[in-house]
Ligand code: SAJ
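Starting off, we have a lone chain in the form predicted alone, written out as structure tokens.
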């Protein structure tokens, strides 16, 4: 039995070597990367394409965007040198103008131009329709992969930048590309996963300065992907690994951040219940520094939004099933090897999923603070006018994907409240009227609720806000520690804040 296994392993190794050698020769014959395609013109694809186009020895970058009703407008905007992303993105507008004027970047709906490209990066969202069933909505990603496969030529590099379930690159993506192209991954074309690691508001800086995880399905693919990304880095370095390890790295780093936020959110809830200020506690914890000491304590808040943290935990959880099944299938005929199942406390919920639930609860907690504040002001939730300040999920941005403000708004409407929304950056949102006129939104409000830490809100004057709201005791609920509680309390507001057990329940001042 052992000799048969060794023979099979040697045969497999030889086949892999021959495939890799063929790919290396094809890449060598094709030469250096000159033309690049980026599929998906969103928060990741736009800055990535612009930075690649700014590399002197790259001749041309195509940004591929479907000419759809919802996103087709980006094509004309980008080709005229205008950035479709609003909010504050330092350097991005100027960069787009430059690469467009130099003729190095073009946005197009003509996917056949992929055939001209030496490398194609795919940056398409991968949400979950229902996290409970651990089935992601890969429809847009699959279509992007199919487009790449239809026009794929030998020696081309395909890179998934999208955050995906571990096992996707060597599984679904590889299968679709091979089916559409008739080529073989690792033999006729290179395939890798190089996940984006960006945050809205610092897209250019993050791409240039963060280390880049590069995971090829083989060494040749990893080297080719390294050739693509190295010229863009100013401070960051390339960290090579396998494709699946790269997938786990991305999902794990966001899962860990979500876990850290959940930890401080739970601490904030505890501090409220114990009548103390979570920000005092946070400052104390954060002050302990020294060799071997790590206290990566983040900030509590009204909820976690965005495309990444709200779903990447579920990609990691699903990866345990996907990759585990692949490994079981791989060794099913080998009695000498066996896949070890997950060893975990029986009947216990995943720590990561529990953290997700805590963060998902925060908009509901904001509702509870709202109802409590209204009650203390002598008002009922039914018919109360609530002004939400901040629709974007992150400060000084227009990114409202999976915003916790929407969860809160829906809960308010269900409770019979009237809701108006203000955001200086979010100009449009499906099904929701978002105003850029704060007076219009706040006038006559029974309760003002701060959901985003936009710099505009730090400049609000308590006296002016009282005059706009009217009434004897309007309520202010601060989900981001934006306002000075004492200033608002002196003006007669009823104050409620995340983690502010020292102020929640204060004596109401008659002015």
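This structure is a prediction, so every number in the text was calculated from the model and none was measured. Positions refer to the first chain, counted from 1.
Missing here is the form predicted together with the named molecule; even so, the following discussion is about that form.
Q) Among 97-105, 228-236, 305-313, 73-81, which stretch has residues with heavy atoms no more than 4.5 Å from the named molecule in the predicted complex? A) Result for this chain: 305-313.
(Q) My question is simply whether residue 417 lines the interface with the named molecule in the predicted complex - judged by any non-hydrogen atom within 4.5 Å. (A) Looking in the predicted complex, residue contacts with the named molecule do not include residue 417, since no heavy atom lies within 4.5 Å.
(Q) Would you classify residue 480 as touching the named molecule in the predicted complex, given a 4.5 Å non-hydrogen atom cut-off? (A) Output for residue 480 is yes: heavy atoms within 4.5 Å of the named molecule.
Q: Examine residue 174 and determine whether its closest non-hydrogen atom to the named molecule in the predicted complex is within 4.5 angstroms.
A: No, residue 174 stays farther than 4.5 Å from the named molecule in the predicted complex.
Q: Look up in the predicted complex whether residue 267 has a non-hydrogen atom within 4.5 angstroms of the named molecule, and give yes or no.
A: Although the named molecule is absent here, residue 267 would stay clear of it in the predicted complex, with no heavy atoms inside 4.5 Å.
Q: Would you kindly say which of 429, 352, 299, 361 lies with a heavy atom within 4.5 Å of the named molecule in the predicted complex?
A: None of the other options qualify; the answer is 299.
Q) Among 376, 257, 205, 86, which has at least one heavy atom within 4.5 Å of the named molecule in the predicted complex? A) None of the others qualify; the residue that does is 257.
(Q) Do any residues of 381-411 have a non-hydrogen atom within 4.5 angstroms of the named molecule in the predicted complex? If so, which ones, in sequence order? (A) Going through 381-411 in order - heavy atoms within 4.5 Å of the named molecule in the predicted complex - the hits are 393, 394.
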